Ligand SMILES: Cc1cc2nc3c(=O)[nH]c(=O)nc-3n(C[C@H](O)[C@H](O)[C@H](O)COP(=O)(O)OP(=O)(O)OC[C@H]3O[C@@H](n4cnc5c(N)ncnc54)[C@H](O)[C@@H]3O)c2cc1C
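Read the single chain below, which is given as structure tokens and is the form predicted on its own.
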Amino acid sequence: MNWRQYVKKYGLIEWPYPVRYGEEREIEADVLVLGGGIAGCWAAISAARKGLKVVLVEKGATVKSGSGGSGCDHWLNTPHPGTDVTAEEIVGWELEMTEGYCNALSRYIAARESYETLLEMEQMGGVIRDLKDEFKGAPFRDEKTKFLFAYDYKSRIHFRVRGSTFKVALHKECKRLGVKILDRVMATGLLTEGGRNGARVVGATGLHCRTGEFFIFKARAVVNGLSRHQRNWCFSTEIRGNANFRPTQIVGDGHAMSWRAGAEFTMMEKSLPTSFASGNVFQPYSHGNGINTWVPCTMVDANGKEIPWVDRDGRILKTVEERCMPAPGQRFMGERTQGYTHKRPELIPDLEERIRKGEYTLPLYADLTGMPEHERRVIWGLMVGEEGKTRVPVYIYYNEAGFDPARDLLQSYMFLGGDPMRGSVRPQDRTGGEIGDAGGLVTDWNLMTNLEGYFAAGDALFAANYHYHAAATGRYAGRKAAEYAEKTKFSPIDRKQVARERRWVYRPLENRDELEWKELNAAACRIMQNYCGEYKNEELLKLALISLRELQEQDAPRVCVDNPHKLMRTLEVYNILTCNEMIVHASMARKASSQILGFTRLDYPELDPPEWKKWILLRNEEGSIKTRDLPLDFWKPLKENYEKNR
């Protein structure tokens, strides 16, 4: 029975939960963790192990929520006793890849603590070894430890893991340690000392997404484990489906509330043209390719002709195993980088040109049939089976439909317009936080922001990425927040600030027009496409601010809300509007173009001039935008700073 048939037979479903708009619950915690994703869970566990009272607030269901909730196939950048690659070298390849636009501070913390974090994950029940000997004898398996590795079989710094077991284990450990988990509660605002912008953070407010109940949290320390901004340029609930990495309900709630409180951000001007969020592509890894999860897959053309792999020097690789081995003289390979030093083998770089000349015929196919059995099973089984969001809609559904990787080819949409990683993209189809490094909070070596008592981890940080980074920085931030809480007293909550937050949360209930939150989001995206898209100048950016302000003042108050779920969705779009303003202000502050940031100013066309190779920091001071800058390497020296603060 489909939805239309159901409504015809039974009528529309009434809201199934008791509605309690305006009712208040006040909760006290030594450490309050906002967000129950990978970073948030690790922060809560780390703080709870100090014996403190920890409360975790999550908009969804913690057991599977967040970017890494459904799984991950690899645990990257991890020095360990089985390799001689150091944390300094690992941060080095990321700095090379990003030309210095990398949060080396948090990446170094992650590299130094990643292995300990992984072993702790195993103690909690996460599966990180090949204990059933499924891949015994494979070149990517260490026979002594039974660890499995990816991408670089020689240096072995990238682990293959069964990440679908991780979130369940984290949730179980939180409960075992007595962490109070409040699922279906959206964090809506930060509470500061005296209610002042820029002051110490002493708590937060929240909204129950099913009942509409209002929450007031009082805390000695607060950790932001929320994710980054999304849906700023592209939004389509109808055709987007699973065509993005992170869940679509991740919108930058944490960014917006931090901005309103006066926290400092950087890198918000970065955006890239990709079709990830556009609704014009298929789900990542649901079709054949030779990238990331599918490395080192054999690719063939429509006539069965194999497409060669080459190393960084253009040397044709003759065996499958060579695709995961460093080139002669190469120290080790990054997970993905175009920088020569750590570049991984890839399909011939002039493939598109050769297709145009007729050397290869479209469509292309992933051909696992002729690969060594352990390579076939580790791609189709472990990697595709464990990658975030692929387990059910790709691995299980394809298997149920009869796909057999030992017999069948899987069509690729490379060059056909449906591949999110290779294909034509409209310039205005841009992404900010959907994929890759993105803008976020700036912290010190304790991962504390410029707001005292307010810590950040995972995707809340600028230039954050990957599961291992979220886990390790969450674990670190929880530890630091606990240390801070142990020597800090509770501060009184400012009731005037609470009243302001209540009015902001419930204001959409007063609306009587019939505009939907989706329409507001789509309008916000159109403004960003038109005035803060591929090309920017001062005039366009001013128009963006004017248009966003008009949207907030004239159309946002017209959005209709008739249950707590729609109230939550509407507040999310309000937060998207705030993030859009942050992006525009950041774009106005950078008066130079930058290739690595995907940033083109027509009125400042010079690309990456030396004087503009720096971080531009922004904060909101009572409605006034304050900026300052930092050198790209403000984190130096890495080892000494880490040792001093760990």
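Position 1 is the first residue in the sequence shown; the rest follow in order. Given the structure is predicted, the values throughout are model-derived calculations rather than measurements.
Although it is not shown, the form predicted in complex with the named molecule is what the next lines describe.
Only one of Leu170, Val222, Leu447, Ala470 lies close to the named molecule in the predicted complex, with a heavy atom inside 4.5 Å, and it is Ala470. Taking a 4.5 Å heavy atom cutoff to the named molecule in the predicted complex, the contact residue among Val202, Cys297, Val185, Ile109 is Val185. Proximity to the named molecule in the predicted complex, taken as heavy atoms within 4.5 Å, picks out 385-393 from the listed stretches 316-324, 479-487, 134-142, 385-393.
Interface membership of Ile250, defined by any non-hydrogen atom within 4.5 Å of the named molecule in the predicted complex, is confirmed.
Looking at Thr431, you'd find every heavy atom of it more than 4.5 angstroms from the named molecule in the predicted complex.
Mapping the unseen interface onto this chain, Trp517 falls outside it, with no heavy atom inside 4.5 Å of the named molecule in the predicted complex. Contact annotation: Val57 falls within 4.5 Å of the named molecule in the predicted complex, judged by heavy atom distances. With contact defined as any non-hydrogen atom lying within 4.5 angstroms of the named molecule in the predicted complex, the contacting residues in 28-57 are Gly35, Gly36, Gly37, Ile38, Ala39, Gly40, Val57, given in sequence order.
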